[in-house]
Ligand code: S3P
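In structure tokens, one chain follows: the form predicted on its own.
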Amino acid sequence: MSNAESTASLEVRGEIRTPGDKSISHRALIFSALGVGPSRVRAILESADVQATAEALRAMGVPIPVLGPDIVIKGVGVGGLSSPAGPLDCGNSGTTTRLMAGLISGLAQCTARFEGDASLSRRPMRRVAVPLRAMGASVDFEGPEGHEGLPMRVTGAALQSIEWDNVQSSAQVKGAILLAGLAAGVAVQVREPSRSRDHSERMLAARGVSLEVRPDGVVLAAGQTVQPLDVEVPADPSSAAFFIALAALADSGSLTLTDVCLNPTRTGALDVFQRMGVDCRIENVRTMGGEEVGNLVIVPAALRGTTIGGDEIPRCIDELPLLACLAACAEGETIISDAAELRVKESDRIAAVVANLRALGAEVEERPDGMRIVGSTRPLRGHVATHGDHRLAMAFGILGALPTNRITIDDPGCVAVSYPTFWADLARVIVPADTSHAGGRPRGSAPLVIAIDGPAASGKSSTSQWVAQRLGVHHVDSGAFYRAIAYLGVQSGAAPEAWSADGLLAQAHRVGQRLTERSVLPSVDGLDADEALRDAAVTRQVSRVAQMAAVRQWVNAQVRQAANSTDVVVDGRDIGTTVFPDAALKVFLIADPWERARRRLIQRLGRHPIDPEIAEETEALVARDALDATQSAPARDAITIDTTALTQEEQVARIVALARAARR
């Protein structure tokens, strides 16, 4: 470990309200739809999973508005629901699939085909299909022989009452049975070996539904109706857990997490944190929409290993990947057992957590129902494969924020499933290290390089400029130097087919570098040539000159020179593979060609283009991609971010968070 690393420290500071609880958000939408009349829902989680539930309800005739911080849902009641015209795309959301399957089962003659992404399609649905079939619904798996996941077709019927023993405690299965009973108007009873999350019971009771909650389960009486209700969704305790861990691992400072749901079925992680030595104080406890909430204040603490298993597993199942990561930094040994359920989540979380911790240098042993982790103070270094699992990305993102660790994450964008603003919030609460110049580089360290690559029109340049501005460092657009050479060629008057690298570089002495407040840009003949370099005639020839090896070497030298003495964000071709192979952070932006074409035309035309214009531009971009193929591949350790469905603000926030972690 270098001296700079050994003295680096992490300070946290601030107040965060993590997004609305995901489980409660799903149910707020569904139960609001089942009430007749308006229900107001505030602080709902605006994530991909919850959006899937909203879309499913819209497809069934419920006028769900665009999700936002304060929405009103005009419920249509059971009688206002209808079969969707097309498949219900549940994305990655198991909660959407299981709860909506229960609802549709109770609607006679209603039918729907459930689809999802590759991860969700592998997840088991038999556990919900069996009780729904026992009640009289039709549940058919449409995949290969023996496959009991999506696609799945559910057809409702006049259901019969049921008393169901939930062999494995599951709030989703329990919720599906309750919804089936509600929709069909029949009594149901669900018994469980240990108490699963009870958000359905709490919210139904608050909406006037008569049910009996017992120590071993719940009984719903027949003929119940759901009333409209105004509700504020409390902050998700599973999301809050990541920042509890961050503050506990810090060297100084404190964090306050507001409005956190303290439902006893969700606080298992708090109990484990306490056993591990986390200093967490609970303040201002109150009731919000039938749920107990409070504020959490966390300060750094010395951590120790513990044992996690038995009845507390259902109460902390979503936090187990994070607890395993925390255990890797705690003193002593941590054992996680009785958690085989982790193998059928968004990924096989046991295998994935173990493989990633080992790849980073931690000592960990995989077990059939859990793992054994031996804590250490050794720096963790390496690349994390998330398998598209949001919990893994966030858990290892917390480890990556520690100043002595060097961790890259293959798919940071997957956090959108449950916490779209995670990277922005992470960046916001980390106090910048002591700096000695405007660029923000820690005193005595080498210049920081953030390398951003991607195909044409993927947003490299504009995103890089924003990132540089947020970080307080300089932006270097390598593409501008290629444009400068192309400009020289256009000015020469020679046909582009006749251009040669030697001929173009013979004039390269005319290209210099000028330093603005936040950028390093080329000048031509000592003058600002930004507008001329963006001319259409120059744009058409940039790929041509970029194919010339000698020109690439010249541009690479210019870019390296710009990064010699100041922290920079650099974008352009082969930045992470050839120009800065040792960059602290490498990001590769991708986007669907149609979306890239649409964005480019908006920038060029100043208006929204029509489809034929986008189609023509898409064809041109695909052709350019083919020309640039040798320079468009991401570095092996680059973090790929698909920006097709992201706003520029969202992609900038993610890169800034990663960069701040990398620079420490």
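This one's a predicted model, so the numbers in the text were calculated from it and none came from an experiment. Numbering starts at 1 and runs along the sequence shown.
Another form, the form predicted together with the named molecule, is not on view; read the next lines as being about it.
Exercise for the section: Would you confirm whether the three residues Q469, R518 and T566 all fall within 4.5 Å of the named molecule in the predicted bound form, going by non-hydrogen atoms? Expected result: Per the other structure, none of Q469, R518 and T566 touch the named molecule.
Practice task
Tell me, out of T267, T463, S347, Q172, which residue has a non-hydrogen atom within 4.5 angstroms of the named molecule in the predicted bound form.
Solution key: Residue within 4.5 Å of the partner: Q172.
Practice task
State the residue from E291, D259, D389, D318 whose non-hydrogen atoms include one within 4.5 Å of the named molecule in the predicted bound form.
Solution key: The residue in contact is D318.
Practice task
Although the named molecule is absent from this view, report whether T95 comes within 4.5 Å of it in the predicted bound form, heavy atoms only.
Solution key: Output for T95 is yes: heavy atoms within 4.5 Å of the named molecule.
Problem - R127 within 4.5 Å of the named molecule in the predicted bound form, heavy atoms - result: R127: contacts the named molecule in the predicted bound form.
Exercise for the section: Indicate whether the named molecule has at least one heavy atom within 4.5 Å of a heavy atom of S23 in the predicted bound form. Expected result: Result yes; S23 sits at the interface with the named molecule in the predicted bound form.
Exercise for the section: Using the partner position in the predicted bound form, report whether R27 sits within 4.5 Å of the named molecule, counting heavy atoms only. Expected result: Flag for R27 set to yes.
Problem - Segment assignment from 583-591, 164-172, 520-528, 216-224: heavy atom within 4.5 Å of the named molecule in the predicted bound form - result: Single hit among the candidates: 164-172.
Practice task
Scan 181-211 and note down the residues that get a heavy atom within 4.5 Å of the named molecule in the predicted bound form; none is a fine answer too.
Solution key: The one in contact is R197.
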